[in-house]
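Only one chain is included here, represented as structure tokens and corresponding to the form predicted alone.
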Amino acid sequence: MLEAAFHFPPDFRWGVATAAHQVEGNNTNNQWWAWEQNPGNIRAGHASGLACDWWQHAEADFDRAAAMGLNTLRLSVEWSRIEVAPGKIDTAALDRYREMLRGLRERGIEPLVTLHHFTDPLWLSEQGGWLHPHITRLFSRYVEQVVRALGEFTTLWCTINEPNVYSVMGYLRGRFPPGEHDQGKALRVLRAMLKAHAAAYRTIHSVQPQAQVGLAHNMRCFDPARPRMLDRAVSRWQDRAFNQTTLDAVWRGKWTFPLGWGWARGLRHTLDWIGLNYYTRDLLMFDRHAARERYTRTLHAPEAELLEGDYGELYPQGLYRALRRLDRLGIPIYVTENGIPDADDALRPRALILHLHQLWRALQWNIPVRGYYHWTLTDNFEWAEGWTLRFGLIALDEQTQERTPRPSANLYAAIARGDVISPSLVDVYAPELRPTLYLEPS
């Protein structure tokens, strides 16, 4: 029996990813909190509430991350806590974030700080949100305050998390606030976010020249359900609209369909690194009766393992495909999110090994992946899905705040401590993967 081990670089960054509104608790001054108060917006009538109680007790989870051997952690700062009214900065909130980042450093954990992760101050949303005519200036003003206050503890910044998801879910599908179904607005919001990213990139470097600034980009695999021309056409269209147009803007400096045509002034090469958020794939079929869905029907492979909560299919190969694609940019890559919902932890150990094996495979081709941030450390408030999806390596009872590590937490800790997926780990946590990972020579 083969006994190969899959080794990762000794300086590889092993971490977890979080977001302020999903973990801090009582973020009452943003548009998501307001959205949660309206019946029907959140599955099962859930609300973020105390979330994971990070605003008061984040350090306890920092201890848990350090005990797992993690050396980095991605977290976001909450715009609505920091800028409580236009131009009015709450220095106490910035002090709390300084305390949190200092706490990570003291535990040997490098912070990766996201400056916008889906939430906007209420005062901004009441003035049009990302359709505000001066949104680029407003965002840059906020970013400058944050970098000046927190730059002592980090040089690794993510400007905006998933602008494509924010625009699609909020302005096209209506699942996120403001709950609209307007393609024109969705495209305007995405353009505005990419322009604001570029302005923030320059602002950060003006304050902290040594900063490393990137963007977290959600990429999804879109494959034709059948080998037919129209299925291939709708798959290409969806891929371009969701995956490629953002990269064209912030790396090539060009607006491409569906954002328009021509030079995206000031956006070219506004990345020091690119973040990949990868979860799943879709099979797409042309359907002439599905006009409201742009003549597209979404399917899953007949043999696919489907994830909880209709979250998609388990497709680890998509991580490798996305990394190969991002390699064309020629800059460092971080996997800034990757994980699955799995309350019983029945599938997560296998999914974790399979995804990390695909990452290892990318490293063998010298694709410059510098780190991996698992989504997420503890169960948290999953936006429109409320508390119904459980992504945590650590189970959380949101009522009592009791935490219980799942087996996958021990698996991830062992991989992070040793920089290796060993045969013994496979045997303990996912022995069924032996035939997949260790093919015997014929």
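Heads up: residue numbers just count along the shown sequence, starting at 1. Since we're looking at a predicted model, the values are computed, not measured.
A second form of this protein, the form predicted in complex with a small molecule, is not displayed here; the remarks below concern that form.
Taking the partner from the other structure, the small molecule in the model of the complex has no heavy atom within 4.5 Å of any heavy atom of residue 76. Contact check for residue 130: no non-hydrogen atom falls within 4.5 Å of the small molecule in the model of the complex. In the model of the complex, the small molecule stays beyond 4.5 Å of every heavy atom belonging to residue 203. Contact annotation: residue 311 falls within 4.5 Å of the small molecule in the model of the complex, judged by heavy atom distances.
A single residue from the set 97, 251, 372, 118 has any heavy atom within 4.5 angstroms of the small molecule in the model of the complex; that residue is 118. 161 is the sole member of 80, 270, 161, 72 with a non-hydrogen atom lying within 4.5 angstroms of the small molecule in the model of the complex. Per the 4.5 Å heavy atom criterion, the small molecule in the model of the complex is contacted by stretch 381-389, the sole one of 400-408, 27-35, 41-49, 381-389.
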